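Given as structure tokens, the chain that follows is alone and in the form predicted on its own.
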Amino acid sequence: MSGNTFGKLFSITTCGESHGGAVGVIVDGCPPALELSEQDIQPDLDRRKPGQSSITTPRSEQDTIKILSGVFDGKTTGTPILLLAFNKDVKSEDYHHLKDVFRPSHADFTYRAKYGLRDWRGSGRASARETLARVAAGAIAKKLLREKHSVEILSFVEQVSNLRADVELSSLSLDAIESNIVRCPDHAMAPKMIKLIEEVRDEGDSVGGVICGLIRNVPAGLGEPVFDKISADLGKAMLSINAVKGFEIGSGFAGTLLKGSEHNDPFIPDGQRKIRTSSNRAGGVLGGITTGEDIVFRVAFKPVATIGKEQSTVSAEGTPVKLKASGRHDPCVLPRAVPIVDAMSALVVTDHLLRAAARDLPRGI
């Protein structure tokens, strides 16, 4: 297995490199008759694309998506969907000085160890530019979830370095998230986050933080009880994103500080669903299966590895060298990572919904 495919019934296979000709994805398993156009996908790509604000990389890519198969007369046919976006603003010469140098905390060394060679132009396949394909595929999953299942997916920047937002999840909205360039719905904290990112950028450095994900209206009963727990699949999805170093669901690591009597979510009767929980420290998942409560999780992103400060490293021959990276890079990946977290959430939930539907088919079909 090459590790380029994600999902079982609703699956995606991505291809392309940072400075190659294009980035693409094949989406397989999308049900037929879903109305779909390039205009349904492009807004999510616009949220991810470079050059969108003063705190993102200045690389100028429109990331214009093209649907090349799987759609006829404005509707999905049930056959594989091919999506493609051509790279335009490629400046490989910015990376030529890195050709024989291993950048600290990058995939340069590990790709060389695995394949015996590496694409030094903007990290090649290890570049976060690959996530364009995920976001394009995720836009289809989000549309399917929204229109057929009323599932809503929202993610936002909760923390930048030590600056943490205070957000009431019950009132969270996309408009609030998109109201500023850092994508933090806490209007008092967002300007402080932006200022910190700008200061770090001007110093030639970078900063990390945390994205919080929220999935609403997920039905109870999704997920498999052992290896394919929905929480496990969400964890794999998030940890596959570039720069992600941690994942927690519900109370996460903070839950380790509580006693069982404090952490348990009591079941209570409910007029609509008959049974629900009065709290949600489980994050909407028990035994790897959804409870019907909101799924809540957090994703930790490290500081961007490529910085403008001088660092010690070695050449491919093992010779010590000093490196001061150039090129166009984000001082903080979080604002552009929000739609990536959205996309991966949508892919996981869509796959599990289709698996649940397949299991419930009448016997003999």
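Predicted, not measured: the structure shown is a model, and the values here were computed from it. So that there is no doubt, residue numbering starts at 1 and follows the sequence shown.
Note that the form predicted together with another copy of the chain isn't included here; everything after this is about it.
Contact check for residue 28: a heavy atom falls within 4.5 Å of another copy of the chain in the predicted complex.
Remark: residue 169 does not count among the residues lining another copy of the chain in the predicted complex, judged by a heavy atom distance of 4.5 Å or less. The closest non-hydrogen atom of residue 324 lies beyond 4.5 Å of another copy of the chain in the predicted complex. Though the partner is left out of this view, residue 339 does not reach within 4.5 Å of another copy of the chain in the predicted complex, counting heavy atoms only. Relative to another copy of the chain in the predicted complex, residues 239, 300 and 315 are all within 4.5 Å by at least one heavy atom. Distance criterion of 4.5 Å from any heavy atom to another copy of the chain in the predicted complex singles out 263 from the list 263, 216, 143, 192.
Residues from 244-269 that approach another copy of the chain in the predicted complex with a non-hydrogen atom closer than or equal to 4.5 Å are 245, 246, 247, 248, 249, 251, 252, 253, 255, 256, 257, 258, 259, 260, 261, 263, 264, 265, 266, 267, 268, 269, in the order they occur in the chain.
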